[in-house]
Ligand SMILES: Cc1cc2nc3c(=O)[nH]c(=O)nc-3n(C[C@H](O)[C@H](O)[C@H](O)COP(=O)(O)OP(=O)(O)OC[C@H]3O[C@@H](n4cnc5c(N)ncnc54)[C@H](O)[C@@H]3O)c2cc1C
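Here's a solo chain for you in structure tokens, the form predicted on its own.
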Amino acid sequence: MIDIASQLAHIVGERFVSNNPEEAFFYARDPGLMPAHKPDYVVVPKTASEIQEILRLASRERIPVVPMGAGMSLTGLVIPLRGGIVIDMKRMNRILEVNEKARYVIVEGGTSHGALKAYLDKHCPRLRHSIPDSPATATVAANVMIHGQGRLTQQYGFNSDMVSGLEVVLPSGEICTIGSCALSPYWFSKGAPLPDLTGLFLGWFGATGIITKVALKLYPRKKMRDVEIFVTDRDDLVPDMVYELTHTEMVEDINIFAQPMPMIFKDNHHITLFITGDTDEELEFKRKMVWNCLDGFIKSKDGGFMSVPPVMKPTLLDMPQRSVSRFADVKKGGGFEYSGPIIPVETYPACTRKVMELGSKYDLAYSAMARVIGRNHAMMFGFAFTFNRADPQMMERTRKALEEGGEFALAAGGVFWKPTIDEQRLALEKMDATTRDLMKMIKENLDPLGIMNPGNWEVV
């Protein structure tokens, strides 16, 4: 009988493979609600060629493989549902190239958003990338894999829309380059004018291959950044307000939140607007445009701008925002999860009322949070709940609230974002049958042995 641990050690070195209970415990879970499932082995490769050898071994022995970034998805996407090998990408963390003129960067598959931000701040201070409001350890590759959203998504779409090239190790162990990099030394386009093959991998949660390199578009970094907060108690008017704001094309990012605590927030909807500029005059011009577009709502007394004290601004302007992490542990029990569907902006009022209803029904601390995607083209909405892991009853109430919220969003026309296994099944059941068959064909052709993150996007 083959000794898998020794074979893995031969590939990556003894220090970087383990089947010890301590590592298995850590890699069996994430901060969300999904029950733990232990891997049989944890391996931490350094190169794409090592990943090739791991996948060839896994294919020969029919061993499941789960690629992992920082494990921040909250929805169990890197929990090894059927055991096998977890491939932790953290040693593949190099920033390989920055093309300042073409405004893109190439990073390895385990590079974190924090490391990329620090590198650009130091070496390319006029450039920036779209940073999600997750801990800085979240990886670039995992974030684009789940169609992440961040500081520039209101302007440019999902973070996956900002990909300009991929290197992927296929389940067969072959390496494939996607985009202009397949025939050019430049990684400036993920598709056009070629067929866009990134869709074979983005959104699949590692079920079709392992991303070992990502090229990401960079954008101008303005010298100054400021924040305004518009407050209304009319949830039905929020879509109209957001429409007017996006129509100005003056705003970098738009976030909305509604929560009952502290009391100053109760019964209100806070539209947080971020504007940038290279001069005071540019900032002032954008600020005036923003104020003017909302003037009708101010005159009708349906909303107004909240004064933002200077002491609050550093917190609001922080990237990523640490306040998100603080809310995640408001119950001091280490538990946080949200159902985060992508919804039409017009459904914001119904979704907000639903999350408030669920918080009351299940006696949970909640937050309704949203981020505009594109020029009002869609919105990421979060049915967010925090819980104490030491309280099984609270965890069960949270599961029920999330399930009910997810089903509501799907019925309202939303689409699950980084869905749990159960949400994936709901989506597949509702999906157009031909589309579902196409997904099955892609999965079976790329991963005929079914070893890649099994259980995810599993069409039966």
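What you see is a predicted model, and the numbers here were worked out from it, not measured in a lab. Residues carry their position along the shown sequence, with the first being 1.
Omitted from view is the form predicted together with the ligand, to which the following refers.
Participant: Using heavy atoms only and a 4.5 Å cut-off, determine which of L273, M145, M379, V163 is in contact with the ligand in the predicted bound form.
Facilitator: Checking each option against the ligand in the predicted bound form, the one that comes within 4.5 Å is M145.
Participant: Of P341, G206, G179, G84, which residue is found within 4.5 angstroms of the ligand in the predicted bound form when only non-hydrogen atoms are counted?
Facilitator: So the residue touching the ligand in the predicted bound form, by this definition, is G206.
Participant: In the predicted bound form, does P135 have a heavy atom within 4.5 Å of the ligand?
Facilitator: Result yes; P135 sits at the interface with the ligand in the predicted bound form.
Participant: Residue-level question: is Q154 within 4.5 Å of the ligand in the predicted bound form, judged on heavy atoms?
Facilitator: No, no contact at 4.5 Å.
Participant: So, P80 and the ligand: in the predicted bound form, are they within 4.5 Å at any heavy atom pair?
Facilitator: Residue-level check for P80: no, no contact with the ligand.
Participant: Would you please decide whether M319 lies within 4.5 angstroms of the ligand in the predicted bound form, comparing each non-hydrogen atom pair?
Facilitator: Heavy-atom contact with the ligand at 4.5 Å: absent for M319.
Participant: To test your reading of this chain, name the stretch in 298 to 306, 237 to 245, 69 to 77, 115 to 123 whose heavy atoms come within 4.5 Å of the ligand in the predicted bound form.
Facilitator: Looking at the other structure, the answer is 69 to 77.
Participant: Sequence order please: the residues of 412 to 430 with a heavy atom within 4.5 Å of the ligand in the predicted bound form.
Facilitator: Result: W417, K418.
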